[in-house]
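Take a look at this single chain, the form predicted on its own, given in structure tokens.
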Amino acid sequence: MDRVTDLASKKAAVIFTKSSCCMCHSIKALFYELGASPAIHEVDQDPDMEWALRRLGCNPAIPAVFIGGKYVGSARDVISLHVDGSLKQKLIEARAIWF
């Protein structure tokens, strides 16, 4: 769990994903489209990381999105934030994007 929080706090935007997850791909594409360059951590080969995400309250565990070191949610939560306009503001406040 400490490893997850450490990785989540190293960059303004961090996404824990699996290479086989289509929603993970969509969330990464959304961040890139908004101008962010999130740290991407693939958990395919690290089942302990996925369990650590679950223990932190990430449900579903993948994708797990952190902005400014704080867990903001999974794909559904991120898409909701984007639709209501607050995702971009969160990225600006965390200095993941500059406009």
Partner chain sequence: MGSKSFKVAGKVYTSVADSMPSFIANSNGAEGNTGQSSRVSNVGPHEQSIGFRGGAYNSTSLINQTMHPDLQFSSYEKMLQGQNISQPNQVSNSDTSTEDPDDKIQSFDVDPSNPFMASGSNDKQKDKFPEQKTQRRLAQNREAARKSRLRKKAYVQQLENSRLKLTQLEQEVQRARKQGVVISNTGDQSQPNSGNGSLAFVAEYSRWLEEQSKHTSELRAAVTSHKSDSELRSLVENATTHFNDIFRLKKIAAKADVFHIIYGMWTSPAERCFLWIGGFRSSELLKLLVSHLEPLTEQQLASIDHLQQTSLQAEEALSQGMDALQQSLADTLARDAPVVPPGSSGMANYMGQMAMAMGKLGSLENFLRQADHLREKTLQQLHTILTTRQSARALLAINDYFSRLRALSTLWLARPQE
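Numbering follows the first chain given and starts at 1. Small disclaimer: the values here were computed from a predicted structure and weren't measured.
One more form of this protein, predicted in complex with the partner chain, exists but is not displayed; see below.
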Within 4.5 Å of the partner chain in the predicted bound form, all of Ser20, Leu30 and Ile79 (non-hydrogen atom): yes
Close approach of Lys10 to the partner chain in the predicted bound form, 4.5 Å, heavy atom: no
Contact of Asn59 with the partner chain in the predicted bound form (heavy atom, 4.5 Å): no
Leu34, heavy atom within 4.5 angstroms of the partner chain in the predicted bound form: yes
Answer range among 36-44, 22-30, 64-72, 50-58 for contact with the partner chain, defined in the predicted bound form as heavy atoms within 4.5 Å: 22-30
